[in-house]
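Take a look at this single chain, the form predicted alone, given in structure tokens.
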Amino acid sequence: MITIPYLTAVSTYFSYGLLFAFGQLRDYSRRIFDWWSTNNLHGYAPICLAHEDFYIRRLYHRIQDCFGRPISSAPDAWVDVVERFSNDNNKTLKRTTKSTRCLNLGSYNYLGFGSYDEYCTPLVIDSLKKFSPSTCSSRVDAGTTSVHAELEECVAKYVGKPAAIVTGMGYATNSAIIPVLIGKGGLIISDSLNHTSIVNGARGSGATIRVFQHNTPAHLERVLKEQIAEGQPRTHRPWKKIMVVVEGIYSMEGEICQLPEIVSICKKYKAYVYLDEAHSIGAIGKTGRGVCELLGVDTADVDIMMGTFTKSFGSCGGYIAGSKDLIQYLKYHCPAHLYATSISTPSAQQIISAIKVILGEDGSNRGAQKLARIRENSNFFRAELQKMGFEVLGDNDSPVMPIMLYNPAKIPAFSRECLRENVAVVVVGFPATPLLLARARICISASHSREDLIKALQVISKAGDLTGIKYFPAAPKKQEEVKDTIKLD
């Protein structure tokens, strides 16, 4: 749980109240001026109701330049950020032909496969020449190549499951597959901070949804007890099935799931475990096999393992790994497999090649070096930020580290100051986070050098001083003892 300092909470509420009041005043003035304007939509209901897009019009547009910044290079340790300008107070932004070289702290390029790789890239180019950029078909028609079959075998072996199925989009892996796994009469118990793809998948399933406190096994057990005792709504019949959905690393918190305790509770109450490893697979664990390897959980105890290829593998798409019966069932019923265009063959080849590098099957030890570097970089950067007095969320070994901003005025101030110093960061606010819990989300990569990280720390420290987001006292610097040395002739 995040405990907001009292004065910070008061100032944040005051800031949002001020923005809301001025926004309402501007809306009132707009209605007066629009009274005389012509309207060609007589009889039509407005597509965007005023209260529904109020946040976009009156708050988001003011700081729109801090979001969706286009880039013109590969998302490596350094990236070219395209410069933009606005002539209408940020309502619209126009791109220029200029770009700025910035240190990249925003991309999910955890292992550095997002740019040219001496082993992966030539194989991807060969695959592109042989198969073309798209299969132009779904998997059940003409969209399955030998590379797709190899990819599913490779993923299943890598994560430690008998079989796997891959899809062309990570978001759709959750939103399209959860409704296939459970429906009316079933119960989904979801972590309160699960990703929106899980939320939408659960809503689309028709199952009853209950939420437990973020990463709190004790509350999960309490919810399970209550729901099993109560049964289905109205009829109180036993649930057809119960599925507990958690993430390996929570993308907005940087926290690692308490998986051993959750698995133990699910075993006790005969509930299935659905684990989303979008941010943990490839990034943590001795050989990059994710949170199960890191925490010593047998993959046989996790019923459904989900992950994406967009973070650690430098590609696109997602996967579900599980028993052979489960995967066969999904291949007959999952709309992402039956109707969507299959993942492009070059993208599939990139994933296979990246896994081979991670496992050392390319004939080098670069994979082990990448895993060691991402762990060292993440722990070093997190420790230094905390020493400076920032409120940093998350756990050690996690490459995701949110820095709390809270106040809405500090979102653009921090982002623009970092960009001015050639450091590209991602800032996150409502609705991706609760209204009061705005933050900057730092993503560390194995491609970052120690010099890169030190530069980033200097810029972030300066921006933190200017914006007043160092909510804790900085750690005292160690005084180096100067010892006199005596030369002996």
Partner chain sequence: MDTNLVEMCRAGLKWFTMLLDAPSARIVLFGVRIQGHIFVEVLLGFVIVFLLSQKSYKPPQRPLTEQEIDELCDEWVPEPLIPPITQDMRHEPPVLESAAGPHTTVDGKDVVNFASANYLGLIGHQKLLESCTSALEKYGVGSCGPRGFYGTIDVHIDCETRISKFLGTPDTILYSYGLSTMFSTIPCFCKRGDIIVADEGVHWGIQNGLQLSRSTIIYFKHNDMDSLRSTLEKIMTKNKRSKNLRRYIVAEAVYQNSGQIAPLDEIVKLKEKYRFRVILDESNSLGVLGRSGRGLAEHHGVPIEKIDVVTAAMGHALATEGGFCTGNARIIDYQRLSSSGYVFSASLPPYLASAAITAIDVIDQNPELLVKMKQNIALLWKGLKDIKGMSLASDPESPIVFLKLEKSSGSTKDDLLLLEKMADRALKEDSLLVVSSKKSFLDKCRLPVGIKLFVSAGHSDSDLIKASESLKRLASELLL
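Positions refer to the first chain, counted from 1. As the structure is a computational prediction, the values presented were derived from the model and not from experiment.
The form predicted together with its partner chain exists for this protein as well; it is not shown, and the discussion that follows is about that form.
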- Message: So, a 4.5 angstroms cut-off on heavy atom distances: do all three of 193, 396 and 437 pass it with respect to its partner chain in the model of the complex?
- Response: no
- Contacting member of 304, 404, 294, 263, with respect to its partner chain in the model of the complex [4.5 Å, heavy atom]: 304
- Query: Of the residues 380, 272, 78, 119, which one places a heavy atom within 4.5 Å of its partner chain in the model of the complex?
  - Reply: 272
- Query: Would residue 219 sit within 4.5 Å of its partner chain in the model of the complex, counting heavy atoms only?
  - Reply: no
- Message: Within 4.5 Å, heavy atoms only: does residue 176 come near its partner chain in the model of the complex?
- Response: yes
- Query: Using heavy atoms and a 4.5 Å limit, would one call residue 343 a contact residue for its partner chain in the model of the complex?
  - Reply: yes
- Distance check, residue 141 to its partner chain in the model of the complex, heavy atom within 4.5 Å: yes
- Query: Which one, 255 to 263, 133 to 141, 380 to 388, 361 to 369, holds residues whose non-hydrogen atoms are within 4.5 Å of its partner chain in the model of the complex?
  - Reply: 133 to 141
- Within 412 to 444, the residues that have a heavy atom no more than 4.5 Å from its partner chain in the model of the complex: 424, 425, 426, 427, 428, 441
